[in-house]
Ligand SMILES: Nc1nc2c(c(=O)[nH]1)N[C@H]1C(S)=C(S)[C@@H](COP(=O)(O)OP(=O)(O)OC[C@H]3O[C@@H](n4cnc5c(=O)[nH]c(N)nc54)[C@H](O)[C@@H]3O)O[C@H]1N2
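Shown below, as structure tokens, is a lone chain in the form predicted on its own; questions about how it binds or moves come after it.
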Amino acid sequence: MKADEITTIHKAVAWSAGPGCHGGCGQKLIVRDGKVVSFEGDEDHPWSQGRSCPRVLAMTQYMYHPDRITTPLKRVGERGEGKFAPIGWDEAYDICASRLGEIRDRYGAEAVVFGQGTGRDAGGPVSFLAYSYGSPNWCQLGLSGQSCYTPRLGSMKATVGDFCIMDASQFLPERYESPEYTVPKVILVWAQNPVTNCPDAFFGHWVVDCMKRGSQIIAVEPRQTWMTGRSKLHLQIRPGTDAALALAMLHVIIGEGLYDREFVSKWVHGFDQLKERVRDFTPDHAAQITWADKDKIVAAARMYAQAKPAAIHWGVPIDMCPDGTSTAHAIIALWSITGNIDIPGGNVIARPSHGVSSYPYTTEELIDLYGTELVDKLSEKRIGADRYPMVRNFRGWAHPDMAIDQIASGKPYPIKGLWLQTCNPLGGQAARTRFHYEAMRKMDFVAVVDLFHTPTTMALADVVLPAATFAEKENIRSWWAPLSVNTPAVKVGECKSDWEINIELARRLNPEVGKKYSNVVDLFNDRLKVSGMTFNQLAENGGWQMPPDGPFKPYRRHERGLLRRDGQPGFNTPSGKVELYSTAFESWDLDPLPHYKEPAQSPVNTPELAAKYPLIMISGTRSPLFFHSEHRQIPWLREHMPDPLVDIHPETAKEYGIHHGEWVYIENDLGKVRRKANVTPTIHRRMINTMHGWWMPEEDGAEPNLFGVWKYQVNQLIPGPQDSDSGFGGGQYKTTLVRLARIKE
């Protein structure tokens, strides 16, 4: 280091953009002369306690990548030619405000769909811009059935009245050493391999921390993984049959009297109806459906029910079951009838720390933020709200399958513009990818906020706005605990945060925004009012605060009157109890009890199709190296996985004449994609397993290649629309039928 160089340590909470994930990990940024030179885990942060993932450790290559977009761009050629010219921010804002204003004046604000990727810190700014503009159509465009956490959230809201999460002491400053905490005796890890990622405000290695302290694992997983190899019991089920397994476990627990009679008697509504529903769902019946061993089903039910406390940690495949909300409903019943809710080491109720809502999850939160009148007005035009009562009454998102259908058809009203932020539908989440591509090409105007060119920017964008990483921006994070803020450590080019971009554009589109907020911190302080702290106070006091005792911190709040607005003991439901017979579902003309639904494509439902395409494709496997469709251009990460792989059982590979390491096609009636064969016994012989999100940044980005997306994007093979009665869940990302073929050329 040169004598005149200045080195500082800047603390921050990792979130998007950068590692891409849902974030929360405390990081130390080593800054030298205005540039971040390395990242290290912050050992003082209660979330991650000094640990970092590969994506964070590679952040310097991400931030300072030569291909990163660091100035606004406008398209100067035809769509798809890949020709863009740099412009200034004022011109970029003027173009966006003018084009969006023209669409609103001619067709109405509902004619623009505001699309985002996964949760992260995009939901706050995207919804803020959409509602400031006047559009009700904010959604995860392309994600069939909103099949990522939303089905589970909706089911928890309809049964518990709140959201629940496995308790790994994450709400306690002393963590595992807190006298308030009890380590789960058993953790039922359902459809998740937590060591490879940190899902939905949950640090994956917390499960490992609990295992080190004595927790035993029951794993429900079609594959063999690190977690299944260390489990006491592994139930290797057929994808999409999770509800059948849960119902059979309920059959055993209720039939053998293993439930918590005191808790059920006092705090559960609908137990007798549930008992009747699961009466005929025997382990024998479930074994035939799920392919799991019936004795293991019985053993898992007993092991979970007889442990106290016990916790369930679940993953996205629950949402992608044929009826994601009902599958979640069945699993919620497991932790409810065993009394493992709102207690140390169970499934605890999780609310945003200090009551701060930076990313409104529910209609209830939207009303608190924007008022009943606006929310009701928006619901009148929200795509899907007239068809699915759960879309109208639970969450303020448009329905993504219906949105793309409406973009294509123009009915019942035309869609003329897209605002795509932190998402890459063509390279990432869009099922029926070709259909999405052809429909979105019709748009009059498309703006994309991103950090790199993607298949989506190349194919669609009229304007590309450069976003900042978490190291370069001010933001707030209020997703369970702790309440956190970030301040910028450095600046890269002309990049701006998602909040900066959206507030400035909202000011131009809606003068009322400018009257209320002159900058990002003004808005943050408005959201932070309920905490009694300002943005600067939080920043000056270390950047984060754990929730105090009360409505936002476990435990046993249902007994203390801390969950209901009327202050009475009970859960935040009409009956004050956990409603396993859900009056909310009943009012929405949905089955009030959990049930099983067979996958749309399966050997049972479509035997002729299964004869032609005999393999069940599990797509969407998570990797610590990449987040969805991001990071393929980062050298340190890509060198560890240079090619998209497909896991094939040795017997299956032999049947197809496929050798380890050779390139093959995965194909069905929708098309074919390329993968490199990874022959391994970790996958069932009647299944294959592969990652989604693959495109090649090193290839030509212009049409027709679009970074090779049509060769590698597995979501081209995913049919649609979703198959869930509620509208939430049922994206067929884990259950699509395919076959393999050797590449002869």
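Note that residue numbering follows the sequence shown and begins at 1. Note that this is a predicted model, so its numbers are computed, not measured.
The protein also exists as the form predicted together with the named molecule; that form is not presented, and the subsequent description refers to it.
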Does the trio K308, A333 and G339 actually contact the named molecule in the predicted complex, every residue with a heavy atom within 4.5 Å? no
Residue among E110, E630, E579, D401 with a heavy atom within 4.5 Å of the named molecule in the predicted complex: E630
Give me the residue from I666, L615, A191, A385 that has a heavy atom within 4.5 Å of the named molecule in the predicted complex. A191
Quick check on Q429: any heavy atom within 4.5 Å of the named molecule in the predicted complex? yes
Even though the partner isn't displayed, in the predicted complex is V391 close enough to the named molecule, meaning a heavy atom within 4.5 Å? no
How about E504 - does it come within 4.5 Å of the named molecule in the predicted complex, if we only consider non-hydrogen atoms? no
Even though the named molecule is not shown here, does P184 get within 4.5 Å of it in the predicted complex, heavy atoms only? no
Specify the contacting stretch among 265-273, 564-572, 513-521, 237-245, defined as having any heavy atom within 4.5 Å of the named molecule in the predicted complex. 237-245
Across 477-509, the residues having a non-hydrogen atom within 4.5 Å of the named molecule in the predicted complex turn out to be D498
